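This document opens with one chain alone, in structure tokens, the form predicted on its own.
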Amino acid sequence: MTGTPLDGVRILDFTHVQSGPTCTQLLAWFGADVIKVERPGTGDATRQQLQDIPGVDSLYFTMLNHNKRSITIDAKNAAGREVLWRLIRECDVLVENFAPGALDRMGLTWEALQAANPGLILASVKGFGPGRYQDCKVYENVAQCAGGAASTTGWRDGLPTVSGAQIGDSGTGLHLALGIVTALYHRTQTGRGQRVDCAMQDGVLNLCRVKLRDQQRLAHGPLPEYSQFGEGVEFGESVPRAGNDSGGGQPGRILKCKGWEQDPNAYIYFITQGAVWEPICDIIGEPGWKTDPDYVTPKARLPHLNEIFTRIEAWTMKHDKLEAMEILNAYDIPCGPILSMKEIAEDEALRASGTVVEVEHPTRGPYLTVGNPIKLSANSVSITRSPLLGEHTDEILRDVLGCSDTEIAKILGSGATGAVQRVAAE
């Protein structure tokens, strides 16, 4: 990994499921040596969750743990605890997403960690920050609800709705990765480590900031870009759910395209940006709207959005979504097709850019995964497979802790690491 951005940075990965592994995988992609510490025999719970092939690590696990090494340690075993503390002294960052208080109960308090390694950065994902909910355990959908996403997603007369995007887990993991890199940079100036905490509620709210913006605007009058304004429906005290209305100042909606009766994804997102209003009128066959006082300005159009999008949809329904996109892009009209996961998986451009990557696994075989979404011009990222449980135990003991073959045999014989999975030479 020589020459990578995080070359020389060593991460002790105590994370599991999604939020923490998202964070540590991103750091691994940028060249950090991520050592995933797992329980002997079971490892990360997601190895067995949602398995599609019996006895093989699930896609849930493999797609969140690329470019890492795995060591198994029994923290209840005296020799295992000694190995753990030796690793803590050798690592730059310890990342964890245990339930509140779990790290302290293991004896890994901040004070003890600092005493062992003053330069260590302790990075944690928790459900909530300090306050009345701080001891609550949180999962993805809980975070979306507590962070304001669900209350502002869905239809006005329907239930609050959670997003298919994992903004609670993966979103918070991305936030934590930035915090870690920032703390590493700060350490170069001070020599000291620090704590980095990301609450899932906070991460979701950060991604929903436009809705907090609208909550404050609502105190000064209705929100005219929301559909209910044009429908004459009164606003309440909180930001309403607005269906597929745009969250920005330019009105936008999802519209049917040719074939929508059979294809659940035959739709396009269409934005009526003011700068391209005239070509929109020409394309949909309403040239008179370019001069009509009720349609000529963005403000004048707001009460008529339902009528406008109904007319635009009459045009989009005559074209399939990719054809419509090609026509509209010629005039710089902002739009985008609703792409299914099947279409994304088969998209040659996404594969060429490294956004979708095929990886070979020794027991699963080939599978698709999401590549690094952050592209650096000077550093390409090679996506390597996730580790088998404890696969690198001997290697980590030798390379990181400097153990001799005799010492490794003694540690393994003590039960400190339990059984590990071996893989044939690749």
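The first residue of the sequence shown is number 1, and the count goes up from there. Values in this document were obtained by computation on a predicted structure and should not be read as measured data.
The same protein has a further form, the form predicted in complex with a small molecule, not shown here; the description that follows concerns it.
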Which of these residues, C91, A324, I312, V138, gets a heavy atom within 4.5 Å of the small molecule in the predicted bound form? V138
Contact assignment for the small molecule in the predicted bound form, among I271, A75, L350, L339, heavy atom within 4.5 Å: A75
Spell it out for me: taking the small molecule in the predicted bound form, does every residue among E38, A102 and D169 have a heavy atom no farther than 4.5 Å from it? yes
Just to confirm, V125 within 4.5 Å of the small molecule in the predicted bound form by heavy atoms? yes
Is the gap between N97 and the small molecule in the predicted bound form 4.5 Å or less for some heavy atom pair? yes
Check whether V276 has any heavy atom within 4.5 Å of a heavy atom of the small molecule in the predicted bound form, and answer yes or no. no
The small molecule contact at M200 in the predicted bound form, heavy atom, 4.5 Å: yes
Based on heavy atom distances of at most 4.5 Å to the small molecule in the predicted bound form, which listed stretch, 280 to 288, 222 to 230, 189 to 197, 67 to 75, is the contact stretch? 67 to 75
